[in-house]
Every structure is written in structure tokens, then in C-alpha cells.
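As a starting point, one isolated chain is supplied in C-alpha cells, in the form predicted on its own.
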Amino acid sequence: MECVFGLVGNDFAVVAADTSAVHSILVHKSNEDKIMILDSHKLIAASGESGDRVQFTEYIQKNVALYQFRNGIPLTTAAAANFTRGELATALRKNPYFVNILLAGYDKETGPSLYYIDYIATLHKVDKGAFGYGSYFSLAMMDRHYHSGMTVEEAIDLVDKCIVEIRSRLVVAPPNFVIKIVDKDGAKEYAWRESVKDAAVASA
């Protein structure tokens, strides 16, 4: 029951994801961060099979860092999105990854952007997007309340509305969410929305 969604505001992009690590009917942990900081000004939020999600996002992160190390300049958000899409397309014909991605970034020349990349290597630049069962509700809320040029406060309020809707409407709703923002000052964690905390492991 994964939920990943994001939107572009005025000079920033925000992405949110549930933090549940689930297999079959079991919840293994409820503080799994599914939004990776790709580089100083990019975020990659992913949903899908846990192994594919972790392996593929780390692979993209290291290759983006390698490009910057070799060439002395970072990839733009559009270039990183196209590279990610190309790797998914290549894998699709060999050993496909079941992973869906929202890639958010900020570039000095073009400002904030959000890219939608699904597991069959579809790439779209979007103002708002979502993956998972939560997308049924978060997309509806964003269609109703989203507008261009949103402030950070308006965007976070909309994200919170989406989280409340998912928690109240989805039959097996994830309890916790993490929210991250990327703007001219870089990519950073903004907040956690937690209704369940993992219990501390008792020492033997």
C-alpha cells in the first residue's frame, strides 16, 4: 500500500512518501525513508519492490555522482531524469526493475521541476504526480487544491490534506510519511508525519 506523491511550487518542489517496509501481510518497519537525496539539488522518491527500489536508486545516485566527478559539473534535473529513464528502458529488455520514481530538482536556469518515471520507462515532466494506492486520493486532492506558484506553507498544507485523506480512506493505510523539499538552497528533509513509532528493541 505504498504512497509517493509530489508537486512543484513557487521556486521549490516537495515530495512525500510513506515510510512502511511491507512484505505480504507483514509490516517489517515503519521508518523506511523512500526519498533519496540524489545530489545537492535533487530528490528521488521511489515506490515498488523493496530490493529493486533500493538497488536502482543507489545505482542512479552513484552514477550521477560519478558524472559530476568526471566532468566537474552536475547533471541538470532534466538530464538526470533522462538518464534514469534510459537505464530503466535498458533494464526493461533484460532484467526489469519494478520501481516507479518521482524525481524532483532545482536548477539555477530553469528553477524547480518534477519528473514522473514509471517502471516501463515512461517519462513526463509534471507539476504534480503520484504513485501507489495513495495516488487515487492524493491526485484527487491535488486536482482540487493545487495551483501554480504555491508557497511552501500552501504546499505543505496540501501535502497534509493528502496524508489525512489517505489515512482516512485507504483500507490498509501507511501510518507514517516523510516530506522533503528541494529549492535554491538545496535538498533537505522538511518533516515527518508519524502516527506510529517503531518500538525500541530491548537489549538482551
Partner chain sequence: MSIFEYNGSALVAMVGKNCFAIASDRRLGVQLQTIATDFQRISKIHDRLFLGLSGLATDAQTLYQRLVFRHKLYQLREERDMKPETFANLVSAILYEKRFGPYFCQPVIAGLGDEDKPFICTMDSIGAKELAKDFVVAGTASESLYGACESMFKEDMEPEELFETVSQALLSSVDRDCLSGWGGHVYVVTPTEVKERILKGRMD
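Numbering follows the first chain given and starts at 1. These numbers were taken from a predicted model, which means no experiment stands behind them.
The form predicted in complex with the partner chain is left out here; the points below concern that form.
- The shortest heavy atom separation between Lys108 and the partner chain in the predicted bound form exceeds 4.5 Å.
- The shortest heavy atom separation between Thr57 and the partner chain in the predicted bound form exceeds 4.5 Å.
- Put simply, Ile156 is far from the partner chain in the predicted bound form: not one heavy atom of it is within 4.5 Å.
- The partner chain is not drawn, but in the predicted bound form it has no heavy atom within 4.5 Å of Tyr97.
- Contact here is defined as any heavy atom lying within 4.5 Å of the partner chain in the predicted bound form, and by that definition each of Arg85, Tyr119 and Tyr136 is a contact residue.
- If you take 78-106 and check each residue for a heavy atom within 4.5 Å of the partner chain in the predicted bound form, you get Asn82, Arg85, Ala89, Leu92, Arg93, in sequence order.
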